[in-house]
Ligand code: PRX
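For reference, the chain that follows is the form predicted on its own, supplied as structure tokens.
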């Protein structure tokens, strides 16, 4: 396999990275040696206090913690002291509604400042915070609120109408707090600004998120206050956050990235954070990068590919000279996207691999290390990773298998809510089995192949859909691609690709072919061209024998391509849970 290398040089560093020597650190690292990075109360901890309040006793007290901008251009900013006080008020209001330690308080809010204040306030009083995407409809809400036994739901007047329709089915839900109502606004104005912070055991539950599998209801992944240690250290060493930075993580807190790296880990590092409440728009995103002089940017491969589709010329219209470090999260980053980052911004996107269940980054590309373009990078210090065969035994380098991690690590999920057997199913022979397949090269870099249930077996060969998708995306006609295995009597499975075309190519096809039959012929020619392109770039067996052009791929709000949806539709099977899909 040919490996493109991005070799770091002096021009890549405006300042030395926080982690200067990865290999030396990895060999000697112990989590206990990092406890001093956080504030403790005689062995107790509170993740929210560490994220915000501890900065109030330092020079950061009057530093801007949050730059917030809405879709219509409204802007607000809050210092660390203001965020601490506003979250205290939320904590006191919840206490007035008899919320106690361990009670579940869920947030059904758009990306407004109150979402961040409320999340912190919940943790400060020892309750468990749950986050819900504002796009969720009634069934998705009912599944999560019922399973969690949420006592309080915090929402807006607009979103409350969905909750009203299912309220009768939620006997545990005692209170609905509407943040834009007159009564709640008055309560916030009058409530006490000081709060006694709950001192928690490191293993006490802090927050939970529901993640969808291929079958069954969504599962509640629960994380403890101890997760903050790994979220903090990865924000410091992978995102390379420094006091001088302005940082933008584009994730929604309904997804684990938005909690770990938009609230807890990033604020724990004392960084100024940008939050944009609007939808994706390339021009608006570049305006935000320019306006707030963003220096560290953490976004999703889907967004990067959509920016790619608009071309590099748009980038040149903005002053993005403050950008010094780019990172990616949500799904593996196609090599073409890394190369485009180098071309468009003069620096690569650093891919990071982790999951809702792992709670923080685990396999990553570091500022201090060269990038093997397309690789997931190396394990974070304190995390042992390996490739295991299906029987749970470690395999040699270059052999494909299951990506596994050795427990414990601080941010590993504590449980699956009310489903202990499901929690145990993640572990084999004292290893956490991620459900992703990959391989490790001789230099210790890990490479992604695909989800275990997505890997295609064709003509006796195993093919990872991601590598086929990456090859397709390298073709100038293709913006995005989703690849599945389709049953075939002769080959077991054949590869089918669903392709989103570059608009310029669609216009070109329309221009070439005046009649419908002519346009169809042009599209068939392009399908043949794409198949040959992949065959040339991958292998004789690893090309799509069927290609279908579609307007958009089904994706989660975190940007993951939902191949199971493509497969279910293709084979006429039940689609299953779609609550986390973007605009589905």
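Owing to the predicted nature of the structure, the values given are computational and were not obtained by experimental measurement. Numbering follows the first chain given and starts at 1.
The form predicted in complex with the named molecule exists for this protein as well; it is not shown, and the discussion that follows is about that form.
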Against the named molecule in the predicted complex, would residue 235 count as a contact residue? Criterion: heavy atoms within 4.5 Å.
no
If you check in the predicted complex, is residue 250 within 4.5 Å of the named molecule, heavy atoms only?
no
Going by a heavy atom distance of 4.5 Å, is residue 300 a contact of the named molecule in the predicted complex?
no
Does residue 485 reach the named molecule in the predicted complex, with heavy atoms at most 4.5 Å apart?
no
The one option of 332, 335, 465, 220 with any heavy atom within 4.5 Å of the named molecule in the predicted complex is 332
Which listed residue (87, 411, 266, 257) meets the criterion of a heavy atom within 4.5 Å of the named molecule in the predicted complex?
257
Out of the stretches listed (268-276, 130-138, 356-364, 236-244), which one is close to the named molecule in the predicted complex, meaning heavy atoms within 4.5 Å?
356-364
